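In the form predicted on its own, a lone chain appears below as structure tokens.
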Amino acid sequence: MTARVFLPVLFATTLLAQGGGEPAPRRGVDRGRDFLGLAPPADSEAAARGQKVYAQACSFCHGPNATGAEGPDLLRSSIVLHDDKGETIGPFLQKGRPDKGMPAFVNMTEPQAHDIAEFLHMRVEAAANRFGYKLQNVVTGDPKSGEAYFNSQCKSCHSSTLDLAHIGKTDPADLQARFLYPDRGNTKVSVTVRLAGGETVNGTLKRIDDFDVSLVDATGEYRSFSRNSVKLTIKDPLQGHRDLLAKYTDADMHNILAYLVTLK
């Protein structure tokens, strides 16, 4: 198996075309990777599909960019780094690690696991070479169509003149990442746990999986419950963004970005 190792910055920069800052023809990149015994680049189409599956199944614990949250940083995971096309990631997802709070994704298909693997490999390589390439213009959509989408889907929570005023001054690549995967930051998810006897416990959600839910209550006490014996009500201010992620078309994403960059 070819090692899943990633191009170092100095090697990556030598593959840039002279003067223009554009990447050299792909054949040169492939030659360099073959010479160093490196795995081929991640499949961008598979990675795009995997990004959506990852966002739904994994991002809550591992963060929207796989750099860790409640769960560990996957970009440093030996399972990810030694994987090739999902051959180690897939079985791991199927089995999970219930003892560590990670559920088994028994319904995860082999193609889905492959796509998640390609997304993670792309994230690892992007992190390894973050100074090697300059992202070119990503604003390619239609701002009028983006405004129409914003007014129909986003306006109930956001305002172009209030919370989003001047957001167009943000770097377009960062702006796109912000609306696709908003950082939880200080946003708190509230949860109400109703026990079998009728008692309710309210607090800030700290962790949830298929088996357990943990929270910090109003007194600051950390409490954990088995999901088999309770009923949950969760209020997540960012749930709307996660729901939209599975619905966006490529055109929607480009059009929304094209509109948002006009909000100077």
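Residue indices: 1-based, along the sequence shown. Quantities reported herein were computed from a predicted structural model and do not represent experimental measurements. The term rigid core refers to the most C-alpha atoms you can superpose between the two forms while keeping them within 1.5 Å.
Absent from the display: the form predicted in complex with ligand HEC. The rest refers to it.
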TODO: Please state whether every one of the three residues Lys52, Val191 and Tyr222 places a non-hydrogen atom within 4.5 angstroms of ligand HEC in the model of the complex.
DONE: no
Open item on the list: Even though the partner isn't displayed, in the model of the complex is Val201 close enough to ligand HEC, meaning a heavy atom within 4.5 Å?
Closed with: no
- [ ] Would you please decide whether Val106 lies within 4.5 angstroms of ligand HEC in the model of the complex, comparing each non-hydrogen atom pair?
- [x] no
Open item on the list: Using a 4.5 angstroms cut-off on non-hydrogen atoms, would Cys61 count as touching ligand HEC in the model of the complex?
Closed with: yes
Task: Touches ligand HEC in the model of the complex: Cys157 (any heavy atom, 4.5 Å) - done: yes
TODO: Go through 71 to 101 residue by residue and record those having a heavy atom within 4.5 Å of ligand HEC in the model of the complex; state none if no residue qualifies.
DONE: Gly71, Pro72, Leu74, Ser77, Ser78, Ile79, Val80, Phe92, Leu93, Arg97, Lys100, Gly101
Open item on the list: After superposing the rigid core, is the C-alpha displacement of His158 2 Å or more between this form and the one not shown?
Closed with: yes
Open item on the list: Would Asp174 count as moving between this form and the one not shown, using a Cα shift of 2 angstroms or more after superposing the core as the test?
Closed with: yes
- [ ] Superpose the two forms on their rigid core, then report whether the C-alpha of Ser145 is displaced by 2 angstroms or more between this form and the one not shown.
- [x] yes
